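Single chain ahead, written as C-alpha cells, the form predicted alone.
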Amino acid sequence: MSKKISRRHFFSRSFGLSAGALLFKDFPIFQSSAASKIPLIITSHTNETGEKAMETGWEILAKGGSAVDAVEKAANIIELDAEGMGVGFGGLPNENGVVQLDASIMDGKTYNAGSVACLENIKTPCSVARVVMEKTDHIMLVGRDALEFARKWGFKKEDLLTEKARERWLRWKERLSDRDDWGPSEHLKNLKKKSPGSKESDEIEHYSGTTNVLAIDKNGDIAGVTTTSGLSFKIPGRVGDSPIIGAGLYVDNEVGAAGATGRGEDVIKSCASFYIVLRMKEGRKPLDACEDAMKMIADKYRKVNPNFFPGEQFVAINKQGEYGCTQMRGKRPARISVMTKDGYTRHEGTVVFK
C-alpha cells in the first residue's frame, strides 16, 4: 500500500490537480502500484532526504529529461547528505578510518554501464561512475586510479569523514571483538545461535547503508543508480555489490530495473538484481520477482545453515511503471519512496521471512 504524504506546488501548476485533491492533499490515500504511470522515479531512501531526492529527479522527468539524468541527480542529493552515514559524504569509514565509496549507474537505452569501487575523497561517486560509462569503454575503475580519473574530469578532492562518522568509528575501535570482518563468512559464524526472524544486532560493527534510485522517463527509457559507503568498518579494499552490474544494480530497457541493499556478499553470489529482472522478463511482477530472489538466496544458505537469513532489501520497477520492494526479514515491511505525476508517496512492500 502507498500513503500520500505531501505534494509540492509545481505538481498542481504542471498537472492541474483537482480541487478536492488540493483540499485534502495530506489525507492518507491508498493505491495499487499498478496504477502508477510513467514517468516514474523511486528510491530505497525513505527519509526527508529521500523525498528531496525524488523531487529533484522528478523535476527533470517532468520537463521531459532523461532517466539517466534523473537518477544521477536524485542520487547526488542522498550522497551529499552528511547525516546519512551510509552513502557518500559522511558515510561510515573502513576499519582504518578511511571512507571508501562504491557506486554504479546503468542506462537501459544504450545498454551501457559504469561504476567505481573503493573511491576516496569524492562526494558524488555515482557521477564519477557516469563519466566512466559515457567517456570510456570500461565498466569499473577502482581505488587510487578511480580517484585520479575523477580529478582529471574536474571532481573536487574533499575529506569525506565527518565528525559524526569519526566519533562512531572511534566508538567501534573501543569495542573491537570477534564480531568484525576477520574470520569465516557471516553465514558460518555462530551456526547454531541464529534463528529465523531473529533480531539484527544493534551493535555498531554491523551497520550498513546503501541507496538505489530507479526511473523511467516519458520515452519509456529506464535507468538506475546504486551508491553506498559500504559495510561500516570493513576491511580496507572490500568491494560490495553496489558497483557490480548484475549484483547491486541491473537495467533492461525492454523489461525493467532492480537494485539491492543489505549485505553485499550475499547479493554478489546470487547476482540478485539480474535475477530479479530475469524473473520480470518471464512475466513476474516486480514484488513477486523481488521475493523470488529472496527465496533463492535463503534456499542456498539453507543447505549450509538452515537458521541463517541475511538482511537484504530489493527494489524493482517494470516497463509498465509497476514497482515493488521486499526485505528478507524484520518486523517492519520494506519501504520505498515513489514519485509520479500524482505526487510523492511512501510505498510499503513485504517481509519474506518474518
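The structure displayed is predicted, hence computed values, not measured ones. Residue positions are given as counts along the sequence shown, with the first one as 1.
Below: the form predicted in complex with ligand ASP, not depicted.
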- [ ] Tell me, out of 84, 93, 246, 262, which residue has a non-hydrogen atom within 4.5 angstroms of ligand ASP in the model of the complex.
- [x] 262
TODO: Choose one stretch from 125-133, 150-158, 237-245, 269-277: the one whose residues place a heavy atom within 4.5 angstroms of ligand ASP in the model of the complex.
DONE: 237-245
TODO: Examine residue 114 and determine whether its closest non-hydrogen atom to ligand ASP in the model of the complex is within 4.5 angstroms.
DONE: no
Task: Touches ligand ASP in the model of the complex: residue 256 (any heavy atom, 4.5 Å) - done: no
Open item on the list: residue 230 versus ligand ASP, in the model of the complex: is there a non-hydrogen atom within 4.5 Å?
Closed with: yes
